[in-house]
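Take a look at this one chain, the form predicted alone, written out in structure tokens.
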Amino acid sequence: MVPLTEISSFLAATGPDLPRAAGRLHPLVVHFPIALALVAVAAEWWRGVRRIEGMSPLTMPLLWIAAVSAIAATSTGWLNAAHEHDGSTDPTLDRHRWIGTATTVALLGMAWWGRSLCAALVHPTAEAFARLGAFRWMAAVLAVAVGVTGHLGGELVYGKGYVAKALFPPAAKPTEPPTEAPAAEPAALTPSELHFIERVQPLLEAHCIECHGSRRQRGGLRMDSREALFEGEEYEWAVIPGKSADSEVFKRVILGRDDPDAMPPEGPGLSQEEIEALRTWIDEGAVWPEGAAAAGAAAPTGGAAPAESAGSASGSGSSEGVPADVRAKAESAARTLAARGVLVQPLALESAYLDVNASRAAPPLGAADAPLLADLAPLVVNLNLSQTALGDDGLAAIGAMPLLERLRLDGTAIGDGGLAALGTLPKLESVNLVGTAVTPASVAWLRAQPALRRVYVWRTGLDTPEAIAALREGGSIDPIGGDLPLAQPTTPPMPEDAPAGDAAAQ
């Protein structure tokens, strides 16, 4: 017979993490008691304002159900904090937990008080009515406590000042007229600074900033700027310069994807190349240059030790890393294009970099619209020009796109000249040329793109065995042509889809 201790050890090692799962029920159960308590308070005050004698028949049932369900909400909240916020020093978490616990106790007390008050109101006296008035005032205080608890919980999920920033947005800083200044020679970047700009900052934006940026700071961690990442005492930092093995961020990203503490919590996680880039960055001192732009543009030096940092531009892809004139042109062009049906949207919250989709513009964009696209070009990461009327001249007029990663030109009249005019696109990973006028002459341009991995060439002059072989030479580009195997139905046709002759035979 297997000893009970071995069964317990086996379940602990391989079974579900029930306490953590129970803690994650907190968002599900917490809203129920909040709603019931607020409705009970509102019902009682409505009765008081209308000067109706006695207690509302809704009050006691709602209070008792709210009190009992609040116990479940509080218990799951403590479990959730113990697992999901383990080691957190965020004071908001402590306030949320203790005010929530106190509110639960108050709900139980109010329910018990209301029970005795109902008995007293069977034979109403002046004293009973006075007690009812005190009960209603205490119910109002309880409603405020419920609201405060919910507000603190919202700040834990969405970041501090989530509501206040919407109600009282910060005043825009007055723009000063530009002053003429002699152009300074850009300072040379150190290898560590280049490594951060080219390798580390893109992976932070792709995997971390959504939950640990200016809008949300899950677990109290913010990673969109050097000051935020290295705020407070060193023992509180999630990244310890020079010590990747001791850095909580690194320890979380190398966990298995089935581990509940693994980061990022969703998706495939970081690639091995990204993990090594992060390890190298931390072990070399976690240098974060001042003014670093997510695009990897040159920035002034200033990668001193984080503890000595004074100020830097945001590393989240926010507008702080973009020159004011570039940003102003892009905003003006985006408004004009939006009126034409072009979708221009940021890649992420507060990101200055853009995803542009012109495929549904009416009428289709043409060469006359190229100057507007040129104003957006320095900030565009994804560009969809499919079904537009842009020809080679229009594409050439857009100009340099240093950040472009994905380009769609399918269904356009663009040919070899338009592609050649784009020059080198250092970050281009994917281009769709389906149905365009390109020919094998564009093979050289495509192979010259350093980051290009996939090209869609169906229904073009590139969809030939010779051109496909030329594109595949070197092994870095995967051309997708008309010979791509498609899933074919393997079951008999449905009766309504059967050929007419077969139907007649039946």
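All residue numbers refer to positions in the sequence shown, first residue = 1. The structure presented is a predicted model; accordingly, all values stated were derived computationally and were not measured.
Heads up, the form predicted in complex with a small molecule isn't pictured, but that's what we're talking about next.
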Although the partner isn't part of this model, could you tell me whether Pro364 comes within 4.5 Å of the small molecule in the predicted complex, counting any heavy atom of the residue? no
Contact flag, His195 vs the small molecule in the predicted complex, heavy atom cut 4.5 Å: no
Ala73 versus the small molecule, in the predicted complex: is there a non-hydrogen atom within 4.5 Å? no
The small molecule contact at His212 in the predicted complex, heavy atom, 4.5 Å: yes
The one option of Arg360, Arg327, Arg340, Arg252 with any heavy atom within 4.5 Å of the small molecule in the predicted complex is Arg252
Leu422, Cys208, Ala81, Leu142 - the one with a heavy atom within 4.5 Å of the small molecule in the predicted complex: Cys208
Can you work out whether the small molecule is within 4.5 angstroms of a heavy atom in all three of Asp355, Ala377 and Arg408 in the predicted complex? no
Heavy atom contact within 4.5 Å of the small molecule in the predicted complex, the stretch among 432 to 440, 144 to 152, 217 to 225, 107 to 115: 217 to 225
